[in-house]
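Here we start with a single chain on its own, the form predicted alone, put down as structure tokens.
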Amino acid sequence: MTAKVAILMGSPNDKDKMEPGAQTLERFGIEADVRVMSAHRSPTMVAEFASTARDQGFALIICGAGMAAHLAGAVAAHTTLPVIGVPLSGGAINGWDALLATVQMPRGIPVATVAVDGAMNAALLAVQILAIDDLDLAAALEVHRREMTPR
């Protein structure tokens, strides 16, 4: 498997919430490059990474951020790779602000959005996207779904 996925988070404090995504990608044999960068504290770094991500071999980018949650949108503004946003809980309204900020992108700059603290689902969506033209990955997804089925 040569696909590589970037997992970005706005703060080192987000690591525990984003770890299930990295673990899920690893389970499917997909390399996850986990980095901390903030749309507000390091906007130049975010723009540079996003605009060169395809050249660096990334197939898509997962972004987790809380409160204003601008990371996914800032990344999507600088790349044509698929971006999956993970709104993270915290703050006064426990992630609702992050959910609304992530899902309400302007026309023409889409961000796929999963549930609050949904890093595992973001990773599974990434696997599904990558499996479009990878039959081995598609088969692994089928096995995963069967394993999830209650018996």
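All residue numbers refer to positions in the sequence shown, first residue = 1. For clarity, every value in this text was computed on a predicted model and none was experimentally measured.
A second form of this protein, the form predicted together with ligand RP5, is not displayed here; the remarks below concern that form.
**Student:** Should the three residues G10, N13 and M67 be counted as contacting ligand RP5 in the predicted complex, with contact defined as a heavy atom within 4.5 Å for each?
**Tutor:** Heavy-atom distance to ligand RP5 in the predicted complex: all three under 4.5 Å.
**Student:** In the predicted complex, is there a heavy atom of ligand RP5 that lies within 4.5 Å of any heavy atom of R41, even though the partner is absent here?
**Tutor:** So R41 counts as contacting ligand RP5.
**Student:** Pick the stretch from 119-127, 99-107, 58-66, 44-52 whose residues have a heavy atom within 4.5 Å of ligand RP5 in the predicted complex.
**Tutor:** In the other structure, the partner sits against 58-66.
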